[in-house]
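Shown next as structure tokens: one chain only, the form predicted on its own.
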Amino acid sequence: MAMRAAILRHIRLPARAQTLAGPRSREWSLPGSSASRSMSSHGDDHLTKEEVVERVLAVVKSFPKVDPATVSPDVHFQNDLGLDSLDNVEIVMALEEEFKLEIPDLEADKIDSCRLAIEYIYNHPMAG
């Protein structure tokens, strides 16, 4: 712990925070730099529900073992599409890649339908 504190004392960079339009947004910049970055946990760049639905359905429809005509927001991967548990894992991995996020194994095991995938991704603050 003492070593960590000693290292941090030497590498600290002061940053100044300024309040922007909302209580959950901040801007930071390094001293002597004109570059700044806006940080927000749920800014304007958050995906709409319609965007999430469209992209989730596109991922599922592109899966080789799936007939695209059978895919809807309410479809269950195993019961309706006849996929097995390995296929389910592959679809979740494709969703992680599509939305550039990592779904923990405990959560990924629960995602067995388009509806659950849509809800999880829409509510995930880092989905992009």
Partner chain sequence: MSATAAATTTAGYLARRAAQKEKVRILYRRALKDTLNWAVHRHLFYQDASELRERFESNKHVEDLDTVDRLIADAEASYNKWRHPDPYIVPWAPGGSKFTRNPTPPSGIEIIYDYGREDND
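What you are looking at is a predicted structure, and each value in this text was computed from that prediction instead of being measured. Residue numbers count along the first chain shown, from 1.
Note that the form predicted together with the partner chain isn't included here; everything after this is about it.
Undergrad: Only one of 103, 59, 52, 81 comes within 4.5 Å of the partner chain in the model of the complex by heavy atoms, so just point that one out.
TA: After the contact test, the surviving option is 103.
Undergrad: Given that the partner chain is not shown alongside this chain, does residue 108 nevertheless sit within 4.5 Å of it in the model of the complex, heavy atom to heavy atom?
TA: Close contact exists here: in the model of the complex, residue 108 approaches the partner chain to within 4.5 Å, heavy atoms only.
Undergrad: Does residue 86 reach the partner chain in the model of the complex if we count a contact as any heavy atom within 4.5 Å?
TA: Contact check for residue 86: yes, within 4.5 Å of the partner chain in the model of the complex.
Undergrad: When the contact criterion is heavy atoms within 4.5 Å, does residue 92 count as touching the partner chain in the model of the complex?
TA: Flag for residue 92 set to yes.
Undergrad: Is there a heavy atom of residue 97 lying 4.5 Å or less from a heavy atom of the partner chain in the model of the complex?
TA: Result yes; residue 97 sits at the interface with the partner chain in the model of the complex.
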